[in-house]
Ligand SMILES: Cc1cc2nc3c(=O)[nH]c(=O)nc-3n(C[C@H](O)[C@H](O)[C@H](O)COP(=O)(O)OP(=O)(O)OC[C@H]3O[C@@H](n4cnc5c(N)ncnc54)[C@H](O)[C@@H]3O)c2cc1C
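Before any questions on how it binds or moves, here is one chain, the form predicted on its own, in structure tokens.
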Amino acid sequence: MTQTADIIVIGAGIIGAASAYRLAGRGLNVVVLDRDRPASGSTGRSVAGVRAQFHNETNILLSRESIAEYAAMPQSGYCAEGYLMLIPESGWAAHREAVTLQQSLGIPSVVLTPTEAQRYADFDSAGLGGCSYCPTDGKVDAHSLNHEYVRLAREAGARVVVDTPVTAIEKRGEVWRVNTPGGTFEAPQLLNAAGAWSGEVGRLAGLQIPVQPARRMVFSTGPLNLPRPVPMTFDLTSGVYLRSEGQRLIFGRADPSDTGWKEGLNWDWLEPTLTLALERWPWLETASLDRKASWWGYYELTPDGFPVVGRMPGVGGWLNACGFSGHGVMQAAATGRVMAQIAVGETPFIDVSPLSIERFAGSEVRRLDLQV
């Protein structure tokens, strides 16, 4: 049997679910297809940090509007614990400019000296040019938030079909035809929100979507007797981050070579990560490691670390919201609103034209923003 809709959303992670909720709220007949279940992919395994401390207006606004929505949702588990950025001398001038931009857009970021920043976390300040802190940054419960958007989407009329992998996609006239083991679905519009699998979804339709999976490790200490909770603290010199998680600390660092469909915790990555962490946080030497509380998940990387958002040029009815490179949870709410506006032909309330896939055509790609 062939089922029809106005739009098919592929992916029931937080981006797909938030988009489905907003699309259904605009009166569209929405079908969401997921190979597994909500929060089973990158969303459920994320560190779930949310921040508006970015270097460009588009990212700042996507995060600002998303955090505001999460703050109004009890189910989100939003907790404004703050984000503390530790910036090396070489990057300090550019980072000060970024804080000025954030402040101009209503973000309460502040510039701190390394000595002033010690009130939030104890660290060795060697090589730092300065720090910044934003009190409205923090964390959410990504699993609960994902399921809440699924509930809201269903309440608005969307059909969410789980355990249903997409096996083929083809364009027939003005309609996208999507085959699955559970049947065929057709709609004039299709939204690719498949996270780390977005590149593969594109290939099913003969399209090149520059998104690839990258494995990320999250290590956990055992219980600690800390004098105060540690906010998400990101050392731009080493790339190591850490924050409190109850009585523990979680920490990690991206391995740029760890791309592709690798699975499981890479324990070989612990030693180089911990070595760098101890340089900045020497007191970590007394912490124990809880292997059972550590985990891994996938980032969905693009060549420049920015997402691909908007219509696919020259491919009628195909929309992308993918490649968030670790920022999907913090920007999902606003992205959902943007995708609904694009789908119905309205101008998005945030200018996402810098995130068009067209930016990859014939130009050198540079990594321009902070990655956590």
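Throughout, we count residues from 1 along the sequence that is shown. None of the values given here were measured: they were computed from a predicted structure.
This protein has a second form, the form predicted together with the ligand, left out of what is shown; the following refers to that one.
Of the stretches 121-129, 182-190, 273-281, 161-169, only 161-169 has residues with a heavy atom within 4.5 Å of the ligand in the predicted complex. With the partner removed from view, the residue among Glu65, Asp304, Glu57, Asp36 that has a non-hydrogen atom within 4.5 Å of the ligand in the predicted complex turns out to be Asp36. At a distance threshold of 4.5 angstroms between non-hydrogen atoms, Val201 is in contact with the ligand in the predicted complex.
Although the partner is absent here, Ala153 sits far enough away that none of its heavy atoms falls within 4.5 Å of the ligand in the predicted complex. Though the partner is left out of this view, Pro210 does not reach within 4.5 Å of the ligand in the predicted complex, counting heavy atoms only. The shortest heavy atom separation between Tyr133 and the ligand in the predicted complex exceeds 4.5 Å. Residues of 39-71 placing a heavy atom within 4.5 Å of the ligand in the predicted complex, in sequence order: Ser40, Gly41, Ser42, Thr43, Arg45, Ser46, Val47, Ala48, Gly49.
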